[in-house]
Every structure is written in structure tokens, then in C-alpha cells.
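Below you will find one chain, with nothing else, as C-alpha cells; this is the form predicted alone, and questions on how it binds or moves follow later.
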């Protein structure tokens, strides 16, 4: 049976697992969550790569067939190096699926919130420029959100006020679509959808599920 592992830097990788499993229950799943070193967003490239490779190696030692990287911070800069170093391994990421869906539903202006590392890397900017030069991206680092979530304080007023302040900054650029560029941020999907009804919300956990289905349809050799 196809064995799929979800790798993330914190416990919200469980959200990606539950969403994917609900759509494709016929496969075998496991999740690798690096609670000890979360969050990754304030670490250096070298630290992130070392942690990501250690996680992947542990999964390959358990006969993993396919790894889904649910962590946007890993995908922002270190995933390509992982794929180039381990060319015979199947590793999928979460940034391009989010970009493709955002471009498909946005008229022209897309907003992004993510960790400091993800925003500084400009990976989303480059992917959007490649796929649709006519779309514009406005980004805002939200480094405090993961800390709130990991400590269980995501519903506190100070957390939601912080989130709203960042969204309001992006709305000044007339964005019509918002990418939640961190798996942790899935917890805010309902809140943001209800409060900002004119914004189309793109959740990287949900988009990975959609693109996984397309990938499995094309790669029948995995079964």
C-alpha cells in the first residue's frame, strides 16, 4: 500500500493530515511533527535544512513512499536542495499548489501572510511571477502567530488583534485573495472567511490536498 508521510514543523501538520486523509482514505498515512524545534520561521537556512533533512531521513528509514512537506518555511528555500540531493525520493511541497489556486481565483492582487523566513525568501513572489506576471503579490510577515498557536493562545484577543492589523495592512494594497502561507494558519481560516467576506482565502493545507489528488492520478507507478 502507498505510504504517505506529512512532515511539518509543528502540531498543525495534523490539520493537513486530516484534510488529506478525508479525501484519500485508501492510503496509509503517518505524520512527522517536529515540536521540539518549532517554530522554524526564525531560524537560519542552514538550521532549517538540517532539521528538514533529518526529518526526511527518519521517514525514509521507515519505508516512506511519498513525503508531503506541509511547512511553508521548509518549502521556501530548502526544499529544492532536498530534492536535488535526494533525486530518487518523492518529495512534494505546498507553495506551488497555493500559488496556482490563488492565481486561478484572484483578479490581479494577492496577499500573503507567513513566517519571516517565508516572506524574506520571496519564494511566493518568484512562483507568481513565473506563472502569471500580471498578478501582483503583497506580503506581510506575521512571526508572532505561530508562537500564539503553539502555546494554545490563538483565540485570545491580542492574537486576533495582531492578525487583523496585518490583514488591514494588506487590504491597503487592494488585495482580493489572501494566501495563508503557513500550515499553522489553517486555524484562522473560518475566522478570516467570516470577517473578511470579500477576500478569497487560500489555505496551504487544503490546496495541498487538491494537488496531491492530481499528482497521484498522474503517477500510477507509485501503487
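Positions refer to the first chain, counted from 1. Remember, predicted model here, so these are calculated numbers, not experimental data.
There is another form of this protein, the form predicted together with D-glutamic acid (DGL), and it is not shown here; the text below is about that form.
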Pick from 167, 38, 51, 59: which residue has any heavy atom within 4.5 angstroms of D-glutamic acid (DGL) in the predicted complex?
38
Of the listed stretches (59-67, 24-32, 157-165, 180-188), which one has a non-hydrogen atom within 4.5 Å of D-glutamic acid (DGL) in the predicted complex?
180-188
Does any part of residue 78 reach within 4.5 Å of D-glutamic acid (DGL) in the predicted complex? Heavy atoms only, please.
no
According to a 4.5 angstroms non-hydrogen atom cut-off, is residue 115 in contact with D-glutamic acid (DGL) in the predicted complex?
yes
Evaluate residue 146 for contact with D-glutamic acid (DGL) in the predicted complex, applying a 4.5 angstroms cut-off between non-hydrogen atoms, and reply yes or no.
yes
